[in-house]
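We begin with a single chain expressed as C-alpha cells, specifically the form predicted alone.
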C-alpha cells in the first residue's frame, strides 16, 4: 500500500509538472570543450522538447574546482542554481549541509535503485534519499593514441610499464612529443591515479587512496609510483604548464603527440574532430591496469527550493535517467551510461569496450572510485594530495620527499 501511495503521489507530481508550464532550468557546469558542449546539447534539446528553457552557466575548468567556488558564492548569497554538475564527495558534502532536494519520488517511480550501480549510489544518495541524478560513468585509466604515429614507428599497444617506456623512447627518438599533457593539478593527479594502480595493483590503491592507510602511503611502492611519474614527466613537452586537457587531446588528434593519459571524456574531442576509433585513434587501459577501472560519475545535484522538488527539477532528473537520453548523451560524451540496462548497440568500439570493462570490473570487485576525481576521499584530502603530486611533477620534490609529504598531507587533512 505504501509503495502504491508513493507511486500515486509521484504520478500526480509528474502530471503537475506537465500541466503547468515549467520554469527555465539554470544549470551550472564545467562542460566547455567542443566535445563536452556537443554532449550537453543532447540534454538541452531533450528539455526543450518538453517546453523547458535552459539557462546556461558554464564555468571553465576541467576538474570543476572553479565551478565549486562559484557555486559556494551563489549559495552563500541565497541564490543557488536549479541544478549543478558535481562529483563524488562534493555531492555528499552539500547533502550533509541540507542543501539538496529530495529526489526519492522520481527515483521510486522510475526504479533508479534497480538500474544504477551500487558504486554510484554511494555518491547519489544521502541518508537513504536520492539527492542527485547520475548522468554517466567515466573511467579515468585510459590511454589515447594517434594510430598513424604508432603504425609509422612500428609500436604495438603496450601492455606493461616496460613496454610503455620503450614506446615513449621510440616516439621521442623520432622527434615527436611522446605524451600530450596539461600541467594542471587535476591532470597530474589523473595520470598519477593510473600510475599508482599500475605500480601497486588494486589492493595497494584501495589501502592508499580510499582507506588512507599511512603505511601504504609511505611505502616503497609509493616511491616507485613517484619514480614512474618522473619518467612520464621526462616525456612531456616543455610547454605543458597550464595547458587545458582538451588542448592536450588536440595534440594527439593533430599528430603532434603520440599518447595522452586522460579519462574517456577525451574521446568526445576525437569524435568532434571526425576521428574514428581503431582507424584514427586507439583507446586502451593504462598498461598494468587492464583488469581494473577507476571511475568518476558526473551527476546533477538539485538544490532545494522548498519542501518539494521543483517541477522543472523533477523534469530534469527524469530526462537525465531516461534510457534514451543515457544512450544518446554518452555516445557523444565518450562515457558510458549510469544505468546498467542500456544497450551498447549505438556505441563505437571504445564505448563498447568501456561498457564491457565497467561490467567486468564491477563483477570482479575491481571497480574503484578515482582519487583524482573526488570519488576516493573527501575534497580536503584530495586537494592535499594534488599539491604533493603536482609539486613532485614540477620538480619541487624528489620521490622520497614526495612520499613523506604525501603522508603528512593526509595526516593533516583526513
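Quick caveat, the model's predicted, so the values are computed rather than measured. Numbering follows the first chain given and starts at 1.
The form predicted in complex with ligand GAL exists for this protein as well; it is not shown, and the discussion that follows is about that form.
With the partner omitted here, the stretch from 341-349, 45-53, 62-70, 358-366 that lies within 4.5 Å of ligand GAL by heavy atoms in the model of the complex is 62-70. In the model of the complex, no heavy atom of residue 94 sits within 4.5 Å of ligand GAL. Among heavy atoms of residue 193, none comes within 4.5 Å of ligand GAL in the model of the complex. Among heavy atoms of residue 267, none comes within 4.5 Å of ligand GAL in the model of the complex. Contact check for residue 298: a heavy atom falls within 4.5 Å of ligand GAL in the model of the complex. Put simply, of 245, 142, 281, 205 only one has a heavy atom within 4.5 Å of ligand GAL in the model of the complex, and it is 245. Among 161, 89, 303, 186, the residue placing a heavy atom within 4.5 Å of ligand GAL in the model of the complex is 186. The three residues 228, 397 and 405 each lack any heavy atom within 4.5 Å of ligand GAL in the model of the complex. Annotation for 363-399: the only interface residue with ligand GAL in the model of the complex is 373 [heavy atom within 4.5 Å].
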